[in-house]
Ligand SMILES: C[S@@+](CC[C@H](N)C(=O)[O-])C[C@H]1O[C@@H](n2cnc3c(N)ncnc32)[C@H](O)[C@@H]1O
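Only one chain comes next, encoded as structure tokens, the form predicted alone.
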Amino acid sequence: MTAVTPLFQTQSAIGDFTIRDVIEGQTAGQLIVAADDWGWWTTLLGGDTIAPTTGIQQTVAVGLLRAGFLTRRGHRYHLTHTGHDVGKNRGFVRCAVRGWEPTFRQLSSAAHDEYIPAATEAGEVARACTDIARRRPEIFAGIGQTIATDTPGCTIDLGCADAGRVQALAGIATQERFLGVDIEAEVIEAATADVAELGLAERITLLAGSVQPERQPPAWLAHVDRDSVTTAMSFFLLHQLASDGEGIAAVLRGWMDWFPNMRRLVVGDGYLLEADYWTQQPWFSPTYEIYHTITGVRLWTQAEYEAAYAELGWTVTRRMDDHTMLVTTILERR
């Protein structure tokens, strides 16, 4: 078991979960995601207020107020300090209460199974991943500026979800071309329409397919100018590909074979941070750990990532921590 240092502790002493935490927490999660679907958090984080216009909106707003996320002045609602944190971190909430809920629902009928196959709401997970990545704009700015200051080439996002990341980076590295690949064909179809509506279709290409290196290259690779790819990115996916395959180095080696001129690698992923009690871990870390354990996916420590990078000749040029367990690393080839 990997020890968790005091830096990661969320409380000074081990605390107990109560039945109230369980029930009201689930209710609050549903209200947070509904408010996000209505665009409330974007509005509130932008410095504006909201004014519910229907009975159901009023019910949700009052619930968020009673939870301590909003405060009311007249007919309008403002963010509290806690609400600001909720709004910025709504991607994690969406992942847990919408994206991963079908997987957890299978537990009741799987008492004698070793693992449960992941059953996710793909669109919800895709949106959550983009929200999580965007919660720290300075990290995205760091990635975009690194790409922008280099000779223009093609950046590929391996496991691009709803293409929110490449859309954001396209606005920073304005001379770069972008390619996104994701296994969820319906998500790619919807994202392609979004890219076209934004007028970015000439710079962003999206393809459906697996990004797991296999003996035979994936079909989508035949439609790519492999030599033009100079930067490869992967967010929230490398741990699963490494678990399904032969480890982190094997996946990276496969990508390096696909793109012989790749000189930059950007990896955003979650580190394994175990502890005896949930309250000793960073928030969301227990959910992240348990979800992957029940689906048979191994999580990896920081030392294991860094050993794989070194083995393949990659040098860390920048490391940006987000949420303690999530780390975005920019690497260059020696």
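Because the structure is a prediction, the values reported are computed rather than measured. The first residue of the shown sequence is 1; numbering continues from there.
The discussion below concerns the form predicted together with the named molecule, not included here.
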Is it the case that A148, even though its partner is missing from this view, gets within 4.5 Å of the named molecule in the predicted complex, heavy atoms only?
no
Quick check on F236: any heavy atom within 4.5 Å of the named molecule in the predicted complex?
yes
Can any non-hydrogen atom of A190 be found within 4.5 angstroms of the named molecule in the predicted complex?
no
Check T130 for me: does it contact the named molecule in the predicted complex (non-hydrogen atoms, 4.5 angstroms)?
yes
Going by heavy atoms within 4.5 Å, which of 153-161, 198-206, 102-110, 76-84 lines up against the named molecule in the predicted complex?
153-161
Heavy atom within 4.5 Å of the named molecule in the predicted complex, from candidates L241, M262, A173, L252, belongs to L241
Selected contact from V125, V229, I248, I143, since only one has a non-hydrogen atom within 4.5 angstroms of the named molecule in the predicted complex
V125
Who in 202-231 is close to the named molecule in the predicted complex, meaning a heavy atom within 4.5 Å?
G209, S210, V211, Q212
